[in-house]
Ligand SMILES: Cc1ncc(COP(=O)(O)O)c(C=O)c1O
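Starting off, we have a lone chain in the form predicted alone, written out as structure tokens.
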């Protein structure tokens, strides 16, 4: 099946299908682990003349298994191209350093993944790149923050960990009006829930370690793009001038694990989204719970926006108890759900964001983001929702 036919498939078919290996006809992608590839005179001449992805040169620059993952990601994101990276943060940093130079400016939502916020607020400044943080759910604040040197608007489809959902069309309009690149981190949703490129976003970054891999056993990232405003070869340019120079390629084995994970993405997210809704609807009425953040709840500030953009509402939710001591007691008392750092796997995991992922963010900044010590974030897995509710009830009874 050629690429055009694959693009015409429904999402559930796109994630499952990829062409058999040409050499062996295997329907499971082979893992090509070689770090080096043999030249002949013709290949040598192609490389001398500027060929890159069309030939295999060196594993740090690209690998056949990695290329297959990139092709599969481009298909499921509805992208014109994809570049794989060693992690989600490698995807974010490679994309931003590929777009920006000294003196440039970013407008970014206040509430993003902690490492993203730290990089923008405490590291890019060392390179003369500045960021203004705003509430991206308020388009007027985004517009007001734009400066003459602004190059990028950056946001998350579902914000970590407050579950804020910014309306994409106004951000697209603002970016187009000012000639800016709109970059979206889609990790909390995944392409099974929303494909932001179809809404007019220019670049999507994903931590493939999460829902795409789906089993908490692989680290990887992906940058996907539309070429409406960017050169068609933009990702190939930053493969060579940024990613390869930083030494941040996706390993062949991890690419293979991610290819495998993609094939169950649709069915996993369907179940996980259903479970998230069940937990949210239970917790919102629990006497020990002081708040629930979940886009599928009618009282969520952006519920109508979420209904239009992410009707499955995602597999993530956050709830709050009295304080940090109570949050720790609940998290540590869970038995079925795992108390851990990551998300997106088949096992339900919980985290206390303020003192785990956001520990290095000053408390004043955390509060500005809407993150306080009593919050507990849940990434729903594939367990039975009734068992998870029972596990939560028993843990909440401990406070």
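Positions refer to the first chain, counted from 1. Because the structure is a prediction, the values reported are computed rather than measured.
The protein also exists as the form predicted together with the ligand; that form is not presented, and the subsequent description refers to it.
S.K.: Wondering, does residue 156 line up within 4.5 Å of the ligand in the predicted bound form on heavy atoms?
M.R.: Close contact exists here: in the predicted bound form, residue 156 approaches the ligand to within 4.5 Å, heavy atoms only.
S.K.: Indicate whether the ligand has at least one heavy atom within 4.5 Å of a heavy atom of residue 87 in the predicted bound form.
M.R.: Residue 87: yes, in contact with the ligand in the predicted bound form.
S.K.: In the predicted bound form, does residue 113 come within 4.5 Å of the ligand, counting heavy atoms only?
M.R.: Close contact exists here: in the predicted bound form, residue 113 approaches the ligand to within 4.5 Å, heavy atoms only.
S.K.: Answer for residue 163 alone: is it within 4.5 Å of the ligand in the predicted bound form, judged on heavy atom distances?
M.R.: Close contact is absent here: in the predicted bound form, residue 163 is far from the ligand, nothing within 4.5 Å, heavy atoms only.
S.K.: Can you work out whether the ligand is within 4.5 angstroms of a heavy atom in all three of 79, 204 and 309 in the predicted bound form?
M.R.: Checking in the predicted bound form: none of 79, 204 and 309 is within 4.5 Å of the ligand.
S.K.: With the ligand left out of view, choose which of 210, 300, 239, 268 has a non-hydrogen atom within 4.5 angstroms of it in the predicted bound form.
M.R.: When the ligand is considered in the predicted bound form, the option within 4.5 Å is 210.
S.K.: Which one of 83, 317, 92, 258 is close to the ligand in the predicted bound form, taking close to mean a heavy atom within 4.5 Å?
M.R.: Contact check passes for 92.
S.K.: The chain here is shown without the ligand. Which stretch in 278-286, 192-200, 300-308, 215-223 comes within 4.5 angstroms of it in the predicted bound form, by heavy atom distance?
M.R.: Answer to the contact question: 215-223.
S.K.: At a 4.5 angstroms cut-off on non-hydrogen atoms, which residues of 155-194 are near the ligand in the predicted bound form? List them in order.
M.R.: Heavy-atom contacts within 4.5 Å come from 156, 185, 187, 188.
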